Structure formats: structure tokens, C-alpha cells
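Next comes just one chain, in C-alpha cells: the form predicted on its own.
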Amino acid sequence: MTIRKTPLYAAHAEAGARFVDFHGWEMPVQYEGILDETRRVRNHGGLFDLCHMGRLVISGPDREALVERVFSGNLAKLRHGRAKYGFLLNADGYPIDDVLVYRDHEVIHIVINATGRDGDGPWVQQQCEAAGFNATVEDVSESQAMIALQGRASEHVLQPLCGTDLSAVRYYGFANAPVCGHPALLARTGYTGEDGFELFFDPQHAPAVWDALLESGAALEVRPIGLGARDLLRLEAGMPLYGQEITTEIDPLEADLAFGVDLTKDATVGVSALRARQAAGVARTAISLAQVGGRVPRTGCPVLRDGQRVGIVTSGGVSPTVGKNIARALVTREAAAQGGTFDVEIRGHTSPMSVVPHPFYKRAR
């Protein structure tokens, strides 16, 4: 398989990025180091290349009916100009992907994961055809760049380059406005737990916009940030990663993500299956664990209680923000109810980790 590159590959290489193969894309994993980049975003700001992610645009008279059918959240309750997190579910109620849906006046935007670029669009199209909706599903992943600016400096960095008053754009709101003179959709969303913006625009302008944002943010110590810090930032902020916290074998109820599902919906694919599981009682639940020092927990590490395996680590790492090793884990409800301390098996050794409140980090508003 030929590895793909985003329109910003040359900019990453020039900045000294270390690259990795991320689901078929050659992406920057770090520049100055994962922990330093995490601190930079928390204390100042950082710029992320998200062009590898997928983007769908739904249009036509039945666009909202189609999105209600495929999206676990309630679109009708979402105001125009607002975004909502949720899932595309299979018939059994397990996530095909987790997505952000943006309700615009004439179209609906859906941002999907890089892992879903090949499958999500065709699946939504199949659902459209099966229901006989008059709607168009357009995959704009190749014709639209995506950059994220995250951190407390974000508004100060973007405002001089933007043709709208950013203070009027609320968290999880968006606006259609020029950035660096180019038409763009800018959303006050992100995957770090910090204030920030995600920008969508024509990919031919990606290098120029990238450079302009870095120049605007230079005095505020804003730098490019790799996927390694992005993963750690989202873990600290309690945000799930598809393929780890949620999979086709871990549903949103188990993952403590029920806020992304409207269980009252009857016509949405997979919701009735989730509702039945909730009524029967969910057997597993997600917990947060932390410890000072010791070995670092990683995805797949067994979680033990009294020597017996009761779950598994879904994500783990070293948090420079809270100064501890942290992990998100999926365990039996019985074990979770006991709280206290679990043992995590890490490379043949066990390390005690205590249950802590979720998320690990929450910014002051």
C-alpha cells in the first residue's frame, strides 16, 4: 500500500518532524518531544495537521432525516451553527465511528476519523438509499484541508487572520468566515481539552494558512504539534480514541459516553439495541486510574483485582499535566463498584493504580 501524505508534509519535514505511518498516512508524531509538546499546548498553544481525517457533506431536502437515521445524537435539538459529538452505530449498537456533526443552514458537515475514510461515506450512502431519502452524500476529504489551532492563545493567534469576531463563536459553535482571505468554516472545537479552533478550507491554501498561523503565534510560543502529544492531550482531557475506548466490541454505554446517544430515538440505526442493553444492565464500565511513578500503562495491559483479571487498559501514558502515570480502563461493573486500587500488569510486572475522578484534566472556563 502506498503511504499517503497531506498537503502540509513539506512543512512538517522542514520543521524537523519525526514521521510515523498512521493508518496509511505519513504523519508527524513529534517535533520537540511528546511531553514538551503537551506542555506547550496546555500553557501556550499548538498547531495540528488534521488533513488525514475524513469529512462528509450532506445536502438535499432529506439531509436532516438522513443524519437523524445514522447519527446517535438528536439533530433536531441542535441549533444551526452548532456542533455535537456522537456515533455512527451498526445494527447491534456498536460504533462504526465516532464523529462530530455540524448543523449548517443548507448542509450538514460530518467529521470522521482517518480510519473511517474508506467505509463511513459508503455506509451513510447505503443508509440513504435504503430509506429512499432525497439527499446527497459527498466525501470532501480530498477537496478540503483541516487544521486545528489549540490552546489558550488560540483566539489571539487566529483573530488577526480571520474575517469574523471570534469572541462571538461559542464552544462547539462554528461560523463560515474567511481565514487569510480564503473561504473557510471555522469551529470552536478540538481534541485537547483546551480552547481552540478547527479550520476547514481549500487544500491548496493549506501551506500558506499554516505558515500564517505560526507567524501570528510566534510571540505567544505557538508551535507545530505531532500526533503523539495530541493523543496524550485527549487522554488527559478524557476524550476517547476510536479503536481503543470505543470499538465494534465496546459500545458507548460501556465507555461512559452515553451523552453522545439519544436513547429515545427509534429510527436511528443501532439505538434500539443500545436501549435494550441498558435495560438488561451493562456488564462493563470505564474507569480512570492514576499513580505516581512506576511503570507506564499502555493499551492492552490487563487490569487485576486480587490477582484475577477484571478488565483491560484502553489507553495509558505519562501525564506531564497532572504529574502521574494515567490510564483509562474497561472493567467489570462489580470491580468498578468496589473502587479503590487495581493492579495493572505491565510487561510482566504489576503496578498498583488508584481510581481517580474523570477526566484527569479539565481547563478552567
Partner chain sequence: MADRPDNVQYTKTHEWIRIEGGVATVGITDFAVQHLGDLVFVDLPSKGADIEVGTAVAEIESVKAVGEVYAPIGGEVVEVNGDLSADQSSLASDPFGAGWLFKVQIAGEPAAGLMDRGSYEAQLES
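Values in this document were obtained by computation on a predicted structure and should not be read as measured data. Positions refer to the first chain, counted from 1.
Missing here is the form predicted in complex with the partner chain; even so, the following discussion is about that form.
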### Query
Considering the partner chain in the model of the complex, which of G323, G339, G33, G300 comes within 4.5 Å of it through any heavy atom?
G33
### Query
Which listed residue (A135, V269, M146, L232) meets the criterion of a heavy atom within 4.5 Å of the partner chain in the model of the complex?
L232
### Message
Check K265 for me: does it contact the partner chain in the model of the complex (non-hydrogen atoms, 4.5 angstroms)?
### Response
no
### Message
Does any part of R295 reach within 4.5 Å of the partner chain in the model of the complex? Heavy atoms only, please.
### Response
yes
### Task
Using the partner position in the model of the complex, report whether H23 sits within 4.5 Å of the partner chain, counting heavy atoms only.
no
### Query
Is G81 close enough to touch the partner chain in the model of the complex, meaning at least one heavy atom pair within 4.5 Å?
no
### Task
Go through 121-129, 190-198, 287-295, 146-154 and give me the stretch that gets within 4.5 Å of the partner chain in the model of the complex, heavy atoms only.
287-295
### Message
Since the partner isn't included here, can you check whether the partner chain sits close to all of K77, G260 and R363 in the model of the complex (heavy atom within 4.5 Å for each)?
### Response
no
